[in-house]
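A single chain, nothing else alongside it, follows as structure tokens in the form predicted alone.
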Amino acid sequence: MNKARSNPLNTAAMHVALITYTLIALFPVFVILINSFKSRKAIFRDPLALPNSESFSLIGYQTVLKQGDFFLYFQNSFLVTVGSLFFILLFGAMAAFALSEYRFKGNTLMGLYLALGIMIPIRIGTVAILDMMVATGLVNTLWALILVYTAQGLPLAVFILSEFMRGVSDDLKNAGRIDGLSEYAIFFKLALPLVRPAMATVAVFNMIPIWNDLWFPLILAPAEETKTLTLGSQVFIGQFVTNWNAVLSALSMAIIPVLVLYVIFSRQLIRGITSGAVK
């Protein structure tokens, strides 16, 4: 009885803690955003104040748009991130379905092999990866980044989705087979919709590292036409390191897309995490 009464209090405390942690995490982002719309004097005079009629200025964004092709950088980052997530979720879900549905010799060993990428960072093989991209003519192309990020994200995707695929009802799949559905139809029409929250979780976990990565864009695609938003922002900041308006504006343009994507996937992310916790 006492335990039942304490549950609402525990739930309220969890919500308060979550809101508090969110506000603490977003406070630096908030400071960067408000200062990106202020003049340089206003930034140093009162960095925590909101922009007003006297301090408001767009000089930073004007400098950013004039000196760098940030729309192209954003397009490159968007294509790389979306393309990588598509292949990660597609191949990861297919591999997870195969490992959980079909029993064959070496099943456990194959699952362990696919999970090794979680423990071994892909950056260790940077030199070998660069050699392969040079040999295949993919240097300074977006496909080089998409392939690398797909390989980087697959181990985690297989590891997470395998557990959720095992939770899909065997009766449902067998009923589909009795109705004449092919294995591909069972996978796409029955299994995938049921593990959608887990796929959203995998997407968020891979999306942020891909969008914010600087290493592989600098190594594999440093050309102006293939620069990602993170690389373009870092190059811009290096050139205008003392121009605080431009620096804060560039950081704001790099941060906002990640926040928007996170908000879009946040509901599915929470559902995926809580589903895993219940399991």
Partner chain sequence: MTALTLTNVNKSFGPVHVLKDINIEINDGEFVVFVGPSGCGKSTLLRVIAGLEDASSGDVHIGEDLVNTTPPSKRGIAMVFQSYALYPHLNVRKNMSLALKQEKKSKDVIEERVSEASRMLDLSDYLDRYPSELSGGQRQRVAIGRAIVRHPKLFLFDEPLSNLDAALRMNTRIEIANLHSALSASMIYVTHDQTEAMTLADKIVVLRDGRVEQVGSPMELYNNPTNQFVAGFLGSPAMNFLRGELLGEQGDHTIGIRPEDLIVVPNGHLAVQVRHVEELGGETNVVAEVSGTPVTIRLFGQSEIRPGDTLHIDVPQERRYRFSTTGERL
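Values in this document were obtained by computation on a predicted structure and should not be read as measured data. Positions refer to the first chain, counted from 1.
Heads up, the form predicted in complex with its partner chain isn't pictured, but that's what we're talking about next.
In summary, among the residues 155, 83, 111, 176, the only one with a non-hydrogen atom within 4.5 Å of its partner chain in the predicted bound form is 176.
Checked against its partner chain in the predicted bound form, the residues 180, 106, 121, 137 give one hit for a heavy atom within 4.5 Å, which is 180. Considering its partner chain in the predicted bound form, the lone stretch of 113 to 121, 185 to 193, 128 to 136, 75 to 83 in range is 185 to 193 [heavy atom distance within 4.5 Å]. Mapping the unseen interface onto this chain, residue 172 counts among the residues with a heavy atom inside 4.5 Å of its partner chain in the predicted bound form.
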